[in-house]
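Quick setup: one chain, the form predicted alone, written in structure tokens, and binding and motion questions come after.
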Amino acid sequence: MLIQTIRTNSSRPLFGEPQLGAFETGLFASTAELSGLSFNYSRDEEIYGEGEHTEFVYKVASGAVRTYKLMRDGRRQIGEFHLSGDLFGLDLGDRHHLTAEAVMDSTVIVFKRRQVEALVAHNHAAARELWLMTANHLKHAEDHMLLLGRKTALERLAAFLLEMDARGGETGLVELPMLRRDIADYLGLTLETVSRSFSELQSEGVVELDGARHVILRKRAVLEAMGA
């Protein structure tokens, strides 16, 4: 298989040797026809920038990635956090609408977009899986729009904690890979409001904070009522 160099406009070069990631990367469980290159990104390193060509599709192998829009006044709106196993970078059109950065030291599998498009053109199972991924992204965008437009700060934080718990298997033990400033920019709140909301949930016994990034959900029903 011909492996070509992957270009990036990151402010820092990719580090580490790229490695061929055959189908154990698990992009589509139904086919072994897809392979990609594995790259390591350090915390806060750009994976791709807004306006760059959509030459590649990306999958988080380990770590976490945020995608965001930077406003003209310098404010940042995070659209989504992508965790291990998540696919991202499938923007409509030939340019990325958001910037993607590593939240923490992360490993990302990079696939050629035309290879993915060729696969789903003739493999119905892979096409269905990609459709389901796209539908889930659309549902998340709709839920996020509702959260930003209609919910209070406490309701937003409750919904976020439930979302993160669901993505971790609903264990009630939430490990947050992102900083509270990231959470604030995701929820459309200030850092101070997020910290105050965490403190309020903890004082009411709804959650227990074990350090800055470990949250124990003590009263799930209360969170569900707030985040619904």
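All residue numbers refer to positions in the sequence shown, first residue = 1. Note that the structure is a prediction, hence the values are computed from the model and not measured.
One more form of this protein exists, namely the form predicted in complex with a further copy of the same chain; it is left out here, but the text below deals with it.
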query: Residue contact check: A184 to a further copy of the same chain in the predicted bound form, 4.5 Å heavy atom; finding: yes
query: 4.5 Å heavy atom contact, G188 to a further copy of the same chain in the predicted bound form; finding: yes
query: a further copy of the same chain contact at R114 in the predicted bound form, heavy atom, 4.5 Å; finding: no
query: Any non-hydrogen atom of E101 within 4.5 angstroms of a further copy of the same chain in the predicted bound form; finding: no
query: Non-hydrogen atom within 4.5 angstroms of a further copy of the same chain in the predicted bound form for each of R43, R167 and E175; finding: no
query: In the predicted bound form, residues of 128-160 near a further copy of the same chain [heavy atom within 4.5 Å]; finding: R128, L130, W131, L132, T134, A135, H137, L138, K139, A141, E142, D143, H144, M145, L146, L148, G149, R150, K151, T152, E155
